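Next up: a single chain in structure tokens, the form predicted alone.
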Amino acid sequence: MPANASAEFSRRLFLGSTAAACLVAGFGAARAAGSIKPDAKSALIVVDVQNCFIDGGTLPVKGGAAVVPVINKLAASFQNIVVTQDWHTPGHASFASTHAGKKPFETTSMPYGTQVLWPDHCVQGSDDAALHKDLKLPTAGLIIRKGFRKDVDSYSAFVEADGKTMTGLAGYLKERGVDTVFVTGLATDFCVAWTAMDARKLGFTAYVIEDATRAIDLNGSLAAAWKQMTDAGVKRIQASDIA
């Protein structure tokens, strides 16, 4: 699941406790419940709601399963839904086990920048990599698999970790007339955040539905992610804001 070069590093690694104090006052300003009505130009992006990120998986996000009923309820409001799926090769470069002497959550240097090393997870074809069985997304039209290139990690639904290899999602959405995305899933401070920020860079209006996500929160990464998303123009809302 990395940072590009020095500028990308500060954006993508999200490490350092100093970032925890950087939340912007008023970021979660209240709005009338049900005030946002998605239309044909809107898409719900469901990020990595897979067994590996749920309790009992190889890289569990605390409370990860709790997003499933929230996302299922949201799905009824969207004509367009895209799902992402972490889909790693065995021995992937992002796995700590691939690097002699390294442990999970340490870092290493890759050609595209600094890489967080993870436990082996979401290996292609495994039950661990499967989407959660209780997801109900009747209008989902596309599954984007990411992290399948053995030497390059991928957090964002739009761009690989090298910062230049596109997944094709932006073109798919634009061809369908979508200009606004609502991002949900796992984990808030990594794949959700990178997806939302890349959406902004590519010209989309981007919302993160906070209670339809859960975070890893590695060394202050959650607060740092919200700060970076705010700075990028990502809007922070709750599921109750969706009509």
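Nothing here was measured: the structure is a model prediction, and the numbers come from that model. Numbers follow the displayed sequence, beginning with 1.
The form predicted in complex with a small molecule exists for this protein as well; it is not shown, and the discussion that follows is about that form.
When contacts are judged by a 4.5 Å heavy atom cut-off, Ala196 does not count as touching the small molecule in the predicted bound form. Although the partner is absent here, Phe53 sits close enough that one of its heavy atoms falls within 4.5 Å of the small molecule in the predicted bound form. Proximity of Ala187 to the small molecule in the predicted bound form: non-hydrogen atoms within 4.5 Å are present. Not displayed here, the small molecule is kept clear of Val68 by more than 4.5 Å at the level of heavy atoms in the predicted bound form.
Residues placing heavy atoms within 4.5 Å of the small molecule in the predicted bound form fall in a single listed stretch, namely 53 to 61, out of 53 to 61, 200 to 208, 173 to 181, 37 to 45.
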